[in-house]
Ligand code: SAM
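This document opens with one chain alone, in structure tokens, the form predicted alone.
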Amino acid sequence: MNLEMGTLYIVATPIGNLEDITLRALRILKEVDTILCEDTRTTKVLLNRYDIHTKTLSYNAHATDSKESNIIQMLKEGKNLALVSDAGTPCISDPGVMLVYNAKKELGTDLKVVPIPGPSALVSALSASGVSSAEFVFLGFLPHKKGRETLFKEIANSKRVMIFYESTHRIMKTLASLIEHSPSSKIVIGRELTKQFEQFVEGSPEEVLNYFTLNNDKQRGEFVVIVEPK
């Protein structure tokens, strides 16, 4: 076993409110050699808030193979790295999962990957929804085109709670699809969780669509959609 191998920390960061950061996460971000960021500018806001001066390096869906190879080489050389996303827990509907996969594939059991748990929009929304969380299926972000209608049919026929993320550009289209496929289901939408304008809206798909139609200023933001089974 190579005792000099570096450690890759998967560090959850706030999804909105910068106070939602754990003491352990702050310590790790200060101690590692480099922080791998989805967007260094976004992460800098958090680091500046807590007076953390660790070197940052971008790693996102557009990262080249050579950049990924350089990061893996840093781990080989004994560098400790922290992987963060723009918000929430890395590798959950997040391109960081490819780095973890490829690093494990190349470095094997010598590589130590350590999760530093914390905020997650999925868990935050579910915890405050009043919906049973005994069983649920998380779909991440729905595809824009191919396979989208198939997923709405799957949601309509599911016996389990279905949860997914949606963007401000597609929330109204999504609600229209839920009216078509799951008109009698109860849905709960968490919008801008932990931020200044955090909001929960619940009802049938039609009721929720009507609400956002009448309050079009509420159509902006980041959404978690929870659909109860019929």
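Predicted model only: the values in this text are computed from it and were never measured. Throughout, we count residues from 1 along the sequence that is shown.
Although it is not shown, the form predicted together with S-adenosylmethionine (SAM) is what the next lines describe.
Remark: E222 counts among the residues lining S-adenosylmethionine (SAM) in the predicted bound form, judged by a heavy atom distance of 4.5 Å or less. With a 4.5 Å cutoff on heavy atoms, I15 counts as touching S-adenosylmethionine (SAM) in the predicted bound form. Taking the partner from elsewhere, S120 is found to have a heavy atom lying within 4.5 Å of S-adenosylmethionine (SAM) in the predicted bound form. Contact annotation for K186: none of its heavy atoms lies within 4.5 Å of S-adenosylmethionine (SAM) in the predicted bound form. Here the chain stands alone, but in the predicted bound form its contact with S-adenosylmethionine (SAM), taken as any heavy atom within 4.5 Å, falls in 121-129 among 150-158, 104-112, 67-75, 121-129. Residue K195 is the only one of K195, K30, H181, R170 with a heavy atom lying within 4.5 Å of S-adenosylmethionine (SAM) in the predicted bound form. The listed set V137, I92, L142, V100 contains one residue whose heavy atoms approach S-adenosylmethionine (SAM) in the predicted bound form to within 4.5 Å, identified as I92.
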